[in-house]
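For reference, the chain that follows is the form predicted on its own, supplied as C-alpha cells.
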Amino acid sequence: MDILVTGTVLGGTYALIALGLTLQYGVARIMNLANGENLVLACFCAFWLYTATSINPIFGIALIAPVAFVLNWAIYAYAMKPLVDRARDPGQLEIDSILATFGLMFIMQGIMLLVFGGEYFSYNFLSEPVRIFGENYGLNRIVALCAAGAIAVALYLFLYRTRQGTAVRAVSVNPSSASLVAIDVPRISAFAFALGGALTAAGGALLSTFYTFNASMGVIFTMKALIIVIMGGVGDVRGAVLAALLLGLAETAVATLIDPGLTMAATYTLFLLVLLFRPQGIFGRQTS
C-alpha cells in the first residue's frame, strides 16, 4: 500500500509536468528543452511568494500560471514563430526547435544561477504527517497530488468539452486539415505553447511545496517529461497521465523493494519496453 500511495503521489506530480510538454510538442510541434527551466523558475517564484509575502503556494498558482502563459506566448511569438515560418518540413522544424530551446535552456539557467546562486532551496509548507491506510505521508504531498488532479481534470474538460479545446486537438492530429475547417493554426499553436508553459509552471509551484530544488536541475525534469510524453503518445493528455503514473509507481517500487539507486534504470527500462512493443505510445496512433 505504501508503494501504491507514494507512487501515485510521485506520478501525479510527473503528470502535471509532462502535460505542459505534451501540448508544446504535440500541438505546436516545438520540442522545448527549456521546459525544465520553466518549472524551476516557477519553483523560485512560489518560494519567493511564500517566504516574502506569505502567499500560499497553492493559491500562488493563480499568479504564477498567468505570468508563465504570457512569458511562453512571448517566447513562441519572438523566438519560435520565425523557425516555424522558415521550416520546409516538420523534420526541419523539430531540429531547429531543439537547437533553439537548447540555447534557451542555458540562457534561463544562467540567469537563475546569477540571481539565486547554486544553493538548494526549500520551505516548510504543510510539512506535517497525515495517516492513510495505517501509514504516515506528508500532507504537502497529498495536497499537491489533489491540486495536480484538479488541474488535469480541468485541462481534460477544456480539451474535450469546449470548441477551443477541439481546435487544439484538431491541430494536434493534423495542422493542414485543421486549416481547411477555418481553424487559425498559428494562433492555436501559440496558445498551446503558452498553455503548456503555464501547466509546467503550475507543476513547479506544486513541486516546490515538498521538493528541494536549485537553479541547475531543470534538465532532469525535462528528460522525465520527454520520456512520459513519448510513452503516453505525443499530444495525448490521457496517455501522458497514465505514463506518468506508471513511471511513478515503477520508480517507487524499485526504490522500496530493490535499491533507490536503480530508479533511473527502472525509468529507462520501462521506456525501452514501450518503444519496443508500442512505439507510437500507449494512446498514440499508428502512422500509415
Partner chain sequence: MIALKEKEWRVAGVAILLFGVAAMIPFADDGYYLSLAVNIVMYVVLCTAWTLFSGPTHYISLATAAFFGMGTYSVGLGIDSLPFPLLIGIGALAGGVLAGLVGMATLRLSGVYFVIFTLGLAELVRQVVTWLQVKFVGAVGLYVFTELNETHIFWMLLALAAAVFLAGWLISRSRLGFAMRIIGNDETVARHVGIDVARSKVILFTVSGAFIAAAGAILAPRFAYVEPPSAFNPVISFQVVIMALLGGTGRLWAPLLGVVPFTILFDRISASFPNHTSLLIGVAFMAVVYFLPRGVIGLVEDFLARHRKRDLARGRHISEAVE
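Because the structure is a prediction, the values reported are computed rather than measured. Positions refer to the first chain, counted from 1.
This protein has a second form, the form predicted together with the partner chain, left out of what is shown; the following refers to that one.
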Only one of 105-113, 180-188, 157-165, 198-206 has heavy atoms within 4.5 Å of the partner chain in the predicted bound form; I'd like to know which.
105-113
Assert contact residue (the partner chain, in the predicted bound form, non-hydrogen atom within 4.5 Å, options 74, 99, 153, 173) equals 99
Have a look at 262, 55, 250, 67 for me and say which one sits with a heavy atom within 4.5 Å of the partner chain in the predicted bound form.
262
Decide yes or no: are 48, 142 and 145 jointly within 4.5 Å of the partner chain in the predicted bound form, with each residue judged by its heavy atoms?
no
Using heavy atoms and a 4.5 Å limit, would one call residue 83 a contact residue for the partner chain in the predicted bound form?
yes
Residue 230 versus the partner chain, in the predicted bound form: is there a non-hydrogen atom within 4.5 Å?
yes
Close approach of residue 242 to the partner chain in the predicted bound form, 4.5 Å, heavy atom:
no
Hey, in the predicted bound form, does residue 31 get a heavy atom within 4.5 angstroms of the partner chain?
yes
